[in-house]
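Presented as structure tokens, the chain that follows is alone, the form predicted alone.
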Amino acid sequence: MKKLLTVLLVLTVASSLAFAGGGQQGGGSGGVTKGMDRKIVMGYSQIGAESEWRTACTNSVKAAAADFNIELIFSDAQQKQENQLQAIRSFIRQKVDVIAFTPVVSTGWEAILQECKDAGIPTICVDRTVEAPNTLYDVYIGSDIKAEGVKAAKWMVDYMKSTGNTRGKDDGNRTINIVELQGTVGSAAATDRQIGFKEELAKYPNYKIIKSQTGNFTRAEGLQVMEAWMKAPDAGEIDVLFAHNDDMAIGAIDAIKAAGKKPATDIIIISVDAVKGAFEAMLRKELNATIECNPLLGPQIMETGIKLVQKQPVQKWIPSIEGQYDWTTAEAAYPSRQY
């Protein structure tokens, strides 16, 4: 009898710890998921915590999982695709109900997505797309990233024509020199923002990108790259900085000020994300504009995950609702910003 009780105790403990690894967050241990007759488990592979935007996205995912009573197994990939592949294979072994992930880079996903499909586990791409047949994943939730680049270019051209910088307005004759801080090389966010920006820029032959380098979406690398550009002989010819995210732009602003130049006046600055730090920079008149990329995707992810588990139809792409902000709208919008 004592041996039987010991075995039963071990089995009970093992069962309660089945999903305790992998940074489990949210959900608790009881009850059922909203709209379900049982509690479902979601594995989520996040790329890291490289920016204000990413932190806001992660917080939204965790809060929504708790709200929907979804058991969330959360994994931070620390900017490494190999960590993501390892995490997703762990999710498959644990037989989660649905897998969501934000890909570090856009390539190299076919094999793991096929493994998910073979295991009968639906998959959600979040924020960034993958270069793989869309039959291998179920849904993409996020922005029209290419459109963000187009919006940034349109805002820049309008501003340079109407207002300009200390070197003057765009009169159609003088060359407008642009430097570009790219996001992580190979990521859909960086690739598509650059494509959209360049496609719109091609309509205006006097606009030239004279320098383009990755800052890996981080404030520290944005500062480092801009410091080098401000020490170059042609630093005085820079008219515009386009940064693929706000954190790199904020780092670059510090470098511009350290070089004795006035950000947003000597060098016009446009970035992407619309985090609170960008609004604060606009209120200080150090950033001209930011194109919104909404990170608060948690509720959409959870709702979609439930539908996939219930085998309900979902759109292949669920777009975010986003806007754009500049000096004229920042003050009114700032108090209501959630990230």
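Residues carry their position along the shown sequence, with the first being 1. Predicted, not measured: the structure shown is a model, and the values here were computed from it.
FYI, the form predicted in complex with a small molecule isn't displayed, but the following is about it.
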TODO: Taking 4.5 Å between heavy atoms as the contact cutoff, choose which of Ala153, Ile145, Ile238, Cys125 touches the small molecule in the model of the complex.
DONE: Ile145
Open item on the list: Can you work out which of Ser60, Gln300, Ser51, Asn69 has a heavy atom no more than 4.5 Å from the small molecule in the model of the complex?
Closed with: Ser51
Task: Close approach of Phe217 to the small molecule in the model of the complex, 4.5 Å, heavy atom - done: yes
TODO: Indicate whether the small molecule has at least one heavy atom within 4.5 Å of a heavy atom of Leu181 in the model of the complex.
DONE: no
TODO: Check whether Ala189 has any heavy atom within 4.5 Å of a heavy atom of the small molecule in the model of the complex, and answer yes or no.
DONE: yes
- [ ] Could you confirm whether Cys293 comes within 4.5 Å of the small molecule in the model of the complex, counting heavy atoms only?
- [x] yes
Open item on the list: Quick check for you: of 52 to 60, 36 to 44, 306 to 314, 281 to 289, which stretch puts a non-hydrogen atom within 4.5 Å of the small molecule in the model of the complex?
Closed with: 52 to 60
